[in-house]
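Single chain ahead, by itself, as structure tokens, in the form predicted alone.
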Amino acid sequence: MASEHAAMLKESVADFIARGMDIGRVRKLRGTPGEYDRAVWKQMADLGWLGIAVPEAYGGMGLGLAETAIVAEGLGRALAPEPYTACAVLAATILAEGDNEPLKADVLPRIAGGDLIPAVAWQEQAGATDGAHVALAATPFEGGYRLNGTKRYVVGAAGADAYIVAGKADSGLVLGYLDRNAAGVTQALEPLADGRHFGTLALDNALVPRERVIATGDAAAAALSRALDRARAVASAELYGVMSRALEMSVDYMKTRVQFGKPIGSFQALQHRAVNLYIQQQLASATLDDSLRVLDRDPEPRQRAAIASRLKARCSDAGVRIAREAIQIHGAIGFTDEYDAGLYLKRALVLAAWLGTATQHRRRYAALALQSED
């Protein structure tokens, strides 16, 4: 992405957030059944953000991860509850990578336009990192599939209009598209620390007709794998936004909080602490820039997976560490619900766990590295 275009997009994101995404809005929306603001989502669509990852042939911009990361970083700084990564990246990529052209032509333009929000139900057990752990039964039925089982940890489910569901048939993985109110679909919400929710879907003979099958077999596995790795990269950018704002808040506090007649930032112990956090942020920044540059060249799957895991591990560790230290630097007020530092820690904890923890991604990276040596 040309530097001038990146600068313009960053400026646009910063301006939008400054005008309409204050922390008061986050506090108002947390814990509500809707979870996010549809009007804000539509404004994001009008700015073109929801179509960045959607191919031009389906009404999007067909740009890369570098552009989506700029938006995600800005949303992370503002703690925006809108499911940008879960819908505009994860769901959109799965659909775009599928082989159902009529479905793409129907759904992708509506995602880009902000008129449709699908959530991806791919996970069933905590700790699963790929489609190989799918157990939900997909039984062939007149060209389509009948789904039975339970999906958990569905991000964006609270306000979703539809679900992309991963099931397992004898012939391999199946990705199906289900409307929210389809027969046989029951949703429950599970509260998260940051005021949003995971969705749990119970599927009881839910029918995916042939025209709603996104992909099957190897094509489905490849689509899900690529979408998850791309979402991990964008979630890492969101974490970078969270950690950056948490560090800024901490440094500002150190400059203004006076104790023993001096700003606490003049004390060497706290200066060393802040420098260590700055180093962690800069390491995350360098890893993010390098990873996005390589991922946008569309490397082969093993290299893509290794890069995504390295990035997610680095940003998850740095995000949680900086947010936790922000609580300490702010002293007692950091623990209070009324003070914003705690909100940044809660969002960092949720993002760090979503799509695989730092420990899981370090293990995945190590396993992929060993495979490369064979």
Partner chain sequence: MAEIDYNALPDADFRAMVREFVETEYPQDMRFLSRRIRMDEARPWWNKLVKKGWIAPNWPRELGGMALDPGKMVIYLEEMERHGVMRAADQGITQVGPILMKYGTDAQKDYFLERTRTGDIIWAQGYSEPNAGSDLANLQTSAVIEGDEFVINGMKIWTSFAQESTHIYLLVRTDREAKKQKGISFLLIESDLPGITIRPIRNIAGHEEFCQVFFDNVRVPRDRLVGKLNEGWTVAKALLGHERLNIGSPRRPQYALMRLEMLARAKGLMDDAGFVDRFVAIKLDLEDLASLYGRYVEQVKRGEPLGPDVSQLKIWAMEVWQQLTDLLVETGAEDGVIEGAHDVAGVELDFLAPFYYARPGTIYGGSSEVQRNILSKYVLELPS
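Here the structure is a predicted model, which means the values were calculated and not measured. Numbering follows the first chain given and starts at 1.
Missing here is the form predicted in complex with the partner chain; even so, the following discussion is about that form.
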Item to complete: Check each of T150, T139, Q187, S285 and return the one that places a heavy atom within 4.5 angstroms of the partner chain in the model of the complex.
Response: S285
Worksheet entry | Among the candidates G265, G144, P299, G113, the residue which, in the model of the complex, approaches the partner chain to within 4.5 Å (heavy atoms) | G265
Worksheet item: Just to confirm, V275 within 4.5 Å of the partner chain in the model of the complex by heavy atoms?
Response: yes
Worksheet item: in the model of the complex, does M8 have a heavy atom within 4.5 Å of the partner chain?
Response: no
Fill in: Contact flag, I23 vs the partner chain in the model of the complex, heavy atom cut 4.5 Å
no
Item to complete: Considering only heavy atoms, tell me if A366 and the partner chain come within 4.5 Å of each other in the model of the complex.
Response: yes
Worksheet, complete the sentence: Here the chain appears without its partner; judged in the model of the complex, the stretch of 170-178, 196-204, 94-102, 252-260 with heavy atoms within 4.5 Å of the partner chain is 252-260
Item to complete: Counting only non-hydrogen atoms and a 4.5 Å cut-off, give the residues of 298-336 close to the partner chain in the model of the complex.
Response: R310, A313, R314
